[in-house]
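The data below hold one chain only, encoded as structure tokens and taken in the form predicted alone.
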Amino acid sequence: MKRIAILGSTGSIGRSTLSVAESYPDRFQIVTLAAGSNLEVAFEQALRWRPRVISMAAEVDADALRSRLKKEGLREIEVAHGAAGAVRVATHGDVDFVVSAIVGVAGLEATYEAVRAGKILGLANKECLVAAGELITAEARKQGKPLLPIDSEHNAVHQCLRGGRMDEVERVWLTASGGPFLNTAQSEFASITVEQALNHPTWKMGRRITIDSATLMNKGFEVIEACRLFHMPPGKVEVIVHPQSTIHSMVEFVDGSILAQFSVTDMRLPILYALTYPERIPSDMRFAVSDLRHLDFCPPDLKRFPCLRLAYEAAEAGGAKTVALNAADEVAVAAFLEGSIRFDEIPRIIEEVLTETNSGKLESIGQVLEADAEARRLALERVAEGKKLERPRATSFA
């Protein structure tokens, strides 16, 4: 019986994890939950799963949840809140596997503390590895515990890597759908609406990750994540556009052999893989090979999608640059979603923040959070300045 904590239980990955647990009640037990700000769903999950601890983002929501659970006679469920509450969920003594699915750096401290506490980590939060991957992977090696990717692309790489040794790997190929603007002229980017950008052709995801997919920043984050998960330099992690999203990733070996992983586009499958690794167990998620008609591939256009270029440069620089990349992107995407900036201004704001961010290795989670706060401050200034920023743009910061 695997005893599970979920960071981000009310989000799409959290709910999919609970769906997997429900399908295999003899294998998985839900022990603790960090539920964010969705009080209604958190209450429903607490009633269904009876966790030892459930944490809310805000104290007021925790108080409300505690009161509602008491009325149901569930006084034994501990209700916590904030960053400390998420850490409590992630490090609980009865937990042995933590699913990290809180979007953004909000889940960073809890994720890191889970690794420090010797938990096995299933990672669906790419921002944690983008911002603090060097610290998290070093701690995982120290603890002798695996980091198991839940992101479909990295999960696919993990599966393909079982076909050979790391010293036999020539490169990793991450596939990208190309998003909704794969064939849109760059001259039209300034007029792209929020509704158009949220209309992803393949996946149904949260708002930020959907915009990141439209700019290809999400794929840039995945490059950095792959570098850190698999201990590879950026030059050995390639992105290739594959609109059908049939192949999730590929691994090329030194002899020229290429292993590709494809399956149904259902996040329950990579979650199940991570939860049961190194086993594989039967499931009802089947890919209809007879439906496989054709596969298209093309290189990404870094001129039209500069966010991917910025991510590669940040990956090469490391340290505070990757922290700033994530923070500036989060601020810029939020500003676009609320109508404060245009779609084509997202990479401009990110690049200007990166240009002003000093390189340097970060030695602690505290330093990561400080760098994150500074990058957010710079990004918010750029958003506020808006059209007044007309000075020449830097083309590189590495």
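Position 1 is the first residue in the sequence shown; the rest follow in order. Just so it is clear, the structure is predicted and the values come from calculations on it, not from any experiment.
Just so you know, the form predicted in complex with another copy of the chain exists too; it's not on screen, but the next bit is about it.
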Contact label in the predicted bound form: D296 to another copy of the chain, heavy atom within 4.5 Å: yes
Any of the heavy atoms of F262 lying within 4.5 Å of another copy of the chain in the predicted bound form? yes
Within 4.5 Å, heavy atoms only: does E316 come near another copy of the chain in the predicted bound form? no
According to a 4.5 angstroms non-hydrogen atom cut-off, is S257 in contact with another copy of the chain in the predicted bound form? yes
Identify, from the list A140, A176, M250, L275, the residue with a heavy atom within 4.5 Å of another copy of the chain in the predicted bound form. M250
Interface check vs another copy of the chain in the predicted bound form: of H231, R75, R286, K303, the one with a heavy atom inside 4.5 Å is R286
I have T193, H200 and R376 flagged as a candidate spot, so tell me whether each of them has a non-hydrogen atom within 4.5 Å of another copy of the chain in the predicted bound form. no
Please pick out the stretch from 176 to 184, 262 to 270, 321 to 329, 78 to 86 that is in contact with another copy of the chain in the predicted bound form, where contact means heavy atoms within 4.5 Å. 262 to 270
Sequence-ordered list of residues in 143 to 174 near another copy of the chain in the predicted bound form, where near means a heavy atom within 4.5 Å: Q159, C160, R162, G163, G164, R165, E168, E170, W173
